[in-house]
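Just the one chain here, laid out as structure tokens, in the form predicted on its own.
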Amino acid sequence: MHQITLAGRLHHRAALLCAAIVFAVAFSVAATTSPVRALNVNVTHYTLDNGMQVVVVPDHRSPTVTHMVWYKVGSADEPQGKAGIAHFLEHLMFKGTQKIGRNEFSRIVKRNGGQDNAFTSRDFTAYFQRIAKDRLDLVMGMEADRMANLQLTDEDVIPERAVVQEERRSRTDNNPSSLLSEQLTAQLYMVHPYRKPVIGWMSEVHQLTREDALNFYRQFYTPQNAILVVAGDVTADEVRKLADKHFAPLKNTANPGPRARTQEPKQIAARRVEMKDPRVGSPSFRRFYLAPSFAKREGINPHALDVLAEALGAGSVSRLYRELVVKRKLAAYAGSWYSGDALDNGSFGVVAAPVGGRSLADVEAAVDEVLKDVIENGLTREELDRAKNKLMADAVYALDSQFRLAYNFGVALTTGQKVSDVTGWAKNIEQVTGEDVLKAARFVLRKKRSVTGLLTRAEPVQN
């Protein structure tokens, strides 16, 4: 349970910030609405007197709702020496309050026909329930209760800490590919707290205590640091009444303060990580580049990076796949991604793996050749149009997910963006030019902004 631990790996923003082709949202402190023609509903955004934001995305296609509470805190906001506390607290939030018995939260949701979970990233932590609309009052009351009244004992904390440690072993320590990505991220960000894994370093996780969790809870789990997002078979008035009932009475118990992080200095040297592990089945190459995010653009159009990632390495018609896999028969796979949903820096990545008989050096040289051509000449008109059309089509398809409708707004509002950034996403993709992509490629795809990783098999040590 509670295992959707995100590490900023939101590679295809079209699948996440999806709704802009077909709707617009009006927003202010006093709620306003505007028509969403495709869904025949109105979307609303406003703020309660205690500072908690509310977003309502009506979708009347089924009598269900997705109810989410987002907190503007993630692993990058953790105190020094407490890596993993944001994710650990996410686990502990299910333990109970005076009203809700120990470990009863999820059981209550399940008994009422719903599903619930939570996820932590570098910039946010979120909790959600998917349930019948007539149970919205119930789950909203439960979330408001645990925002203010979480109770923890060592009997809760110590076993759950062991659960988190085992989660780290199974997801990272026992997976050479995950270990390499963790090492690359730690090298990509030299000083910024994004260099830490969301789940934490094992050396710090095993020292986390009940008091650590409660201190973090008291500082950050307060209404002015939270966002309520409800998508589903509801009206703005229905949600407003319930939000006024459950969340508006809550008092702010702390001021989280500004999200001050040590910012990444100008990077002046390429880095390499070569990792060998006897558990590796086949070698692989990957490279991460420091990139602007949608919140901090550094003079670059981040939508152009979405288009670049799509054209360069998304699918069998992408440049990398055609060159390395189809034409040269060097690689078993090749691709790229862009992760720009971050309060601070984003990242751009390329990956590839050689086929039998070819080396990682062959693959890396071929990747560099493709990237050099893109930096010098940009995309062809066909590549540009195909990438933009694919991204916008994915945006339309993503509307089918009620969860994504809610998720889009939560991600945006916790990472320094606005509602209009969600609703204007597809229009901004449509307006990307070849010159935008060329400028972005030349800025981002520079070796000195990168770390390259090589993963190979090591021979087992004989006893």
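Just so it is clear, the model here is predicted, and its values are computed rather than measured. The numbering used is simple: start at 1 and walk along the sequence shown.
Below: the form predicted together with another copy of the chain, not depicted.
- Contact check for E78: a heavy atom falls within 4.5 Å of another copy of the chain in the predicted bound form.
- When contacts are judged by a 4.5 Å heavy atom cut-off, K439 does not count as touching another copy of the chain in the predicted bound form.
- By the criterion of a heavy atom within 4.5 Å, D385 is excluded from the residues contacting another copy of the chain in the predicted bound form.
- In the predicted bound form, another copy of the chain lies within 4.5 Å of some heavy atom of Q187.
- Just one of K110, K245, K99, R272 comes within 4.5 Å of another copy of the chain in the predicted bound form, counting any heavy atom, and that one is R272.
- A heavy atom within 4.5 Å of another copy of the chain in the predicted bound form is found for one listed residue only; from V325, A295, L179, A353, this is L179.
- With another copy of the chain left out of view, the stretch that reaches within 4.5 Å of it through heavy atoms in the predicted bound form is, among 308-316, 211-219, 353-361, 188-196, 188-196.
- If you take 423-455 and check each residue for a heavy atom within 4.5 Å of another copy of the chain in the predicted bound form, you get L445, R446, K447, K448, in sequence order.
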